[in-house]
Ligand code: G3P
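Form predicted alone, single chain, as C-alpha cells, below.
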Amino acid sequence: MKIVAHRGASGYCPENTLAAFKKAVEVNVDSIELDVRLSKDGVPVICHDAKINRTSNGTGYIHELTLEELKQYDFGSWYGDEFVGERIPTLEEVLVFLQESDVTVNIEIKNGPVIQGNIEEEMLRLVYKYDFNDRVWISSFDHHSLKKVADLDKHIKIGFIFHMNLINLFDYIDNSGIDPYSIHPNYFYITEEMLKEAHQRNYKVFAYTVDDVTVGEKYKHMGVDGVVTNKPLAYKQSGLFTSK
C-alpha cells in the first residue's frame, strides 16, 4: 500500500511548504500530494486555501496577489518558531527540488471562488518542462478541470476526488468522458464493492485523509492502493506498512 504525504508531511511541518516536502522525502514516502492555485500574475503556487490568512502572516486571496507579493509573507511561523521564514513555494520550485528523488507527485488543482481559466495549461507546462510526465497524477474536486486536463493530454494520469458518497459512482465516471488512473473517496465511503469494481476497471483507490494508523491498517487489508495522510512518519514507524 502506497503512503501519500498529504500537503507534504503536514503533521510535522507547515503544510504545502518546502519544509513539509523535504520531510516527506526524508521519511521515504511513495508520493507527495500538494495543492496548486494561480497567483494574480499566473504563476502556479502551492496552497490549499483560496486565501493565505490561515497559513501565513498575510491576508487576501491568492488570485488577487502577485508572486512577488505572496513571497513577502511568512508561511511557517504559524506552525512553529523553527519554521519562521518559510515562503509559499511555486510548483516549479517543488518540481526542481523533487527531481533528484523518486517520489511521485499528486497535483491537486484548486479552483474557486474564481475559476482560473488557464491553470491546467500552466501546470502541464511545468510538468513537461521538468519531465515529470510519468511521475505525476492530476486530481481535483473540480471535474470540469480534470476534463480539460484530459483533453489537453490524453496520456496524463487523472484522479477523481469525491467529497460525497455518490449514487452510481461508476456510471458517473463513465459519463465523464475521462478514463481515470485513480479515484480518491473520503475513506469512510469506501466499501468492498467499490474496491472490487474499481480494481476490475484498473482504477487505483486512494483513501483520504487517514492519520490513524489503525484505521489505515483496516483499509490496507481491504485492498486500497494507498492512503493519503498527514502523518507518514507514523505509518513508517508502525512497521505495518511497506512501500517503495
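Since the model is a prediction, treat every value here as computed from it, not as a measurement. The first residue of the sequence shown is number 1, and the count goes up from there.
Only in words, not in the display: the form predicted in complex with this ligand, which the text now covers.
J.: Please tell me which of 161, 150, 103, 169 lies within 4.5 Å of this ligand in the model of the complex, judged by heavy atoms.
T.: By the 4.5 Å criterion, the partner-contacting residue is 161.
J.: Counting non-hydrogen atoms within 4.5 angstroms of this ligand in the model of the complex, say which of 35, 217, 211, 30 makes the cut.
T.: It is 35 that has a heavy atom within 4.5 Å of the partner.
J.: Looking at heavy atoms inside 4.5 Å, which stretch does this ligand contact in the model of the complex, given the options 84-92, 105-113, 69-77, 170-178?
T.: Correct option: 105-113.
J.: May I ask you to state whether residue 228 is within 4.5 Å of this ligand in the model of the complex, using heavy atom distances?
T.: Yes.
J.: Considering only heavy atoms, tell me if residue 48 and this ligand come within 4.5 Å of each other in the model of the complex.
T.: Within the cut-off, so yes.
J.: Would residue 141 count as a contact of this ligand in the model of the complex, using a 4.5 angstroms cut-off between non-hydrogen atoms?
T.: It does: once this ligand is placed as it appears in the model of the complex, residue 141 has a heavy atom within 4.5 Å of it.
J.: Listed by sequence position, which residues of 1-15 have a non-hydrogen atom within 4.5 angstroms of this ligand in the model of the complex?
T.: Read in sequence order, the residues that approach this ligand (within 4.5 Å, in the model of the complex) are 6, 7.
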